[in-house]
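Just the one chain here, the form predicted alone, laid out as structure tokens.
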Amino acid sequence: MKTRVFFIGVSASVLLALPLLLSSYQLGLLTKMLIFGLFAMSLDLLVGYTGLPSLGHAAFFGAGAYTVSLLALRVANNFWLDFPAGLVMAAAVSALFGLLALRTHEAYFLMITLALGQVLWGVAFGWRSLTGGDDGLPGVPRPDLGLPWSLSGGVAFYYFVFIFFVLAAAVLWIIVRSPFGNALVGIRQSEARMEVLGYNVWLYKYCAFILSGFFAGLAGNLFAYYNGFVSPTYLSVIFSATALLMVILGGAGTLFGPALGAAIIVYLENEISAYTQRWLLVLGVIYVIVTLCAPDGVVGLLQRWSRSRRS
């Protein structure tokens, strides 16, 4: 426990100091890693702790991103109005999808989350007058907090994202270590046993589904401000599958492992895309290698190595 707290403290200190050392391009990449890390951690609550692998998680990310973008572009660039609206929309969509998806189990759950996500993708793609269709919504402005300093600069916006990342990670950490989080792990291990013990399994899974969607929407909100552009790509099954790979690569059920997985994927995508357009092919190869060689992810691999050194 002390080692873990020390590692988290060192990581936070490094993340605080890095803007002083990086170029503007590298800082932008680091900001993207934090946003996608938050997205991956939100999915880990569902996959790693509750045992519900989803292929529709991008729907909640996109719901938040589109809501913030539409309000900022069509209504008013008011952070205190737009940002909460994006969170409410993501939570509302996850509450609705959860009612439908949690009527199924295992492979059927995976397929219905994929189908529901594609429904939202179809709405964004086809409703051109509202969403811009496949052209998306460009020109989303950075948030205006009404404070003396502006978030238009890379460093200020990085710390803006960093604060949300730390707060969300702390809340998720409390959730997974609470009695509620322990119940989710129990449900992942054996639903039947938890039902015999008197737990309302469906309600626990439904709450986890909404919480997961809420934090995915938070990542979507931040990404809309970061990217200045949102399109149906961020609602697609490919984006959902990429998030799932981030979780598996980092280590499902480790909370901070998926954030590490997201950082690796963002870095590799940035580097490899400079040499080839076959990024999706490379992503598939990464998935196969991780599944065969490190099924517990990078964090699981490091934990096994640490245990072997002590023994």
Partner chain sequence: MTFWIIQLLNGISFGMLLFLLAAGLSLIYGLMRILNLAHGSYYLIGGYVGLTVVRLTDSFVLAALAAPIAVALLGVVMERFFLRRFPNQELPQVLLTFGFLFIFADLALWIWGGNPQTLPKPEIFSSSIWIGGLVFPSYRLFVIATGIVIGIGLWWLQEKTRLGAMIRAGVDDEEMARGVGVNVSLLSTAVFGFGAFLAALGGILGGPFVGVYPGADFEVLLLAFVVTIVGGLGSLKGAFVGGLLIGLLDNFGKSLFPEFALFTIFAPMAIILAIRPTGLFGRR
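Positions refer to the first chain, counted from 1. Everything numeric here is computed off the predicted structure, so don't read it as measured data.
One more form of this protein should be noted, the form predicted in complex with the partner chain, which is absent from this view; the next part is about it.
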Consider the chain as shown here, without its partner, and state which of Val166, Ala156, Ala95, Leu114 has a heavy atom within 4.5 Å of the partner chain in the model of the complex. Leu114
As a check of understanding, the residue in Leu38, Ala58, Leu45, Ile248 with any heavy atom within 4.5 Å of the partner chain in the model of the complex should be identified as Ile248
Should Thr104 be counted as a contact of the partner chain in the model of the complex, where contact means heavy atoms within 4.5 Å? yes
For Met33, is any heavy atom within 4.5 Å of the partner chain in the model of the complex, or not? no
In the model of the complex, does Tyr108 come within 4.5 Å of the partner chain, counting heavy atoms only? yes
Heavy atom to heavy atom, is Ala259 within 4.5 Å of the partner chain in the model of the complex? no
Name the stretch, out of 22-30, 63-71, 239-247, 261-269, where some heavy atom lies within 4.5 Å of the partner chain in the model of the complex. 239-247
Quick one: which residues from 281-298 get a non-hydrogen atom within 4.5 Å of the partner chain in the model of the complex? Leu281, Leu283, Gly284, Val285, Tyr287, Val288, Thr291, Leu292
